[in-house]
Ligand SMILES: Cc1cc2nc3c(=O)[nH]c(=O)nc-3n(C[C@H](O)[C@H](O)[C@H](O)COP(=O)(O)OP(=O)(O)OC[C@H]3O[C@@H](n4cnc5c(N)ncnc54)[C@H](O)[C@@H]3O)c2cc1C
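What follows is a single chain, given as structure tokens, in the form predicted on its own.
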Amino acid sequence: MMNFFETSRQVTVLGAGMVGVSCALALQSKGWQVTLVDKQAPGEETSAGNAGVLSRSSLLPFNRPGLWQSLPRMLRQGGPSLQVRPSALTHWRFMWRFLWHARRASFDVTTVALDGLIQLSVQTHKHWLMQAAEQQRLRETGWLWLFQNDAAWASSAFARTVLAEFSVASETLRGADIQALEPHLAANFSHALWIKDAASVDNPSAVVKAYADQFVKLGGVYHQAEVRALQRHPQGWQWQDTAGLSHGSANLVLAMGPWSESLLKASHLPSDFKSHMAFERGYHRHFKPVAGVTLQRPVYDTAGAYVLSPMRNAEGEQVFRMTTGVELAARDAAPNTAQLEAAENAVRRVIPLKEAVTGTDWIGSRPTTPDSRPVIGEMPQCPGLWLAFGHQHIGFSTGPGTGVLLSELMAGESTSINPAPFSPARY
């Protein structure tokens, strides 16, 4: 690593998931001297587990108008789409704010902000995939929302109306039309919504690694270390590793996902993110497909609350990745595989699968904010400390745009999208 505070154009990015790697690449493209730090290899933590979908439909936050009415049933019955663990109740202040933001006024700000961030991210993904010679990983076939009956379809009316208001390209399919698009799905569904304004990748972790490799190829520095604490310095910022060694940088970007808030707290910095952050945990499991059985795009079974995505594993073999609904729990609570088992039971009624691939069960925690918008920008009262976390379950869809926006803010340039909805100052 370079000497402490060698230049004001020096920046260290803490966290090498989708968001951190994106920040590193975007800053590097503007001439910054960038060091990327993580205790794991790039893409090995939270970014390893997602459905690989890049879709404007992700502009719809979980806390939307109508949540108040459905909340008692959700808490009483639970279900595949939402599990609330007792450990989540320690975040009661977050829960109250989360529900408060289910108002239409807040929802409207969030959807516009997320749509801009997603569109910027998709454009940047395509550019970076070409730059890294990984464009073959991208499928521009959309994704499919599946509904079992007329009542389920009717219950999606609000979401479909919002997507239409944003001109998100989609097509309604019924009965046999669903099998015509995906022949190996069982005839279990009365309706489907084909979100055409969407793409997907065949291995999200491999994409993050390819971006990190490109970053190093272009002169960036990757340093594998666990960060223990941050400290202000007259010339910038210092961070300490677990060996007690200090490292300096004129600027720091904190992009450590679910570990960001605890690092701020351990560093005794003036923040109240503990009451403004909770964790959406998710699980995934891989399956080998039965010979001849294929999917051309990810499918979301709204009743089973799983997404099944066609992917390739690290060995290049075809697999199906099943991701579950949301579990609200403490970040480090013990795994609870109830959602995983329920999702597998549901998916086996829809498409033929071989046994689950041994060793592929995964759990990850995704930080979310009360207004469902990530925190992007300079931390108040802490010049030179830049924040990029809180992307809930859509970090893969919003990471590159976050990097671009942050790099523009750090350069003092006009920005590609409005930064105000993401400002740390709102907390």
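One rule holds for the numbers: they count along the sequence shown, beginning at 1. A quick note: this is a predicted structure, and the numbers were derived from the prediction, not measured.
Omitted here: the form predicted in complex with the ligand. The next part is about that form.
Only one of 279-287, 93-101, 243-251, 186-194 lies within 4.5 Å of the ligand in the predicted complex by heavy atoms, and it is 279-287. Only one of the listed residues (303, 173, 227, 122) places a non-hydrogen atom within 4.5 angstroms of the ligand in the predicted complex, and that residue is 227.
Among 273, 259, 320, 153, the residue placing a heavy atom within 4.5 Å of the ligand in the predicted complex is 259.
The ligand is not drawn, but in the predicted complex it has no heavy atom within 4.5 Å of residue 378. Residue contact check for residue 370: none of its heavy atoms lie within 4.5 Å of the ligand in the predicted complex. For residue 386, no non-hydrogen atom is located within 4.5 Å of the ligand in the predicted complex, even though that partner is not displayed. For residue 29, no non-hydrogen atom is located within 4.5 Å of the ligand in the predicted complex, even though that partner is not displayed. Taking the ligand as it sits in the predicted complex, the stretch 156-181 never comes within 4.5 angstroms of it through any non-hydrogen atom.
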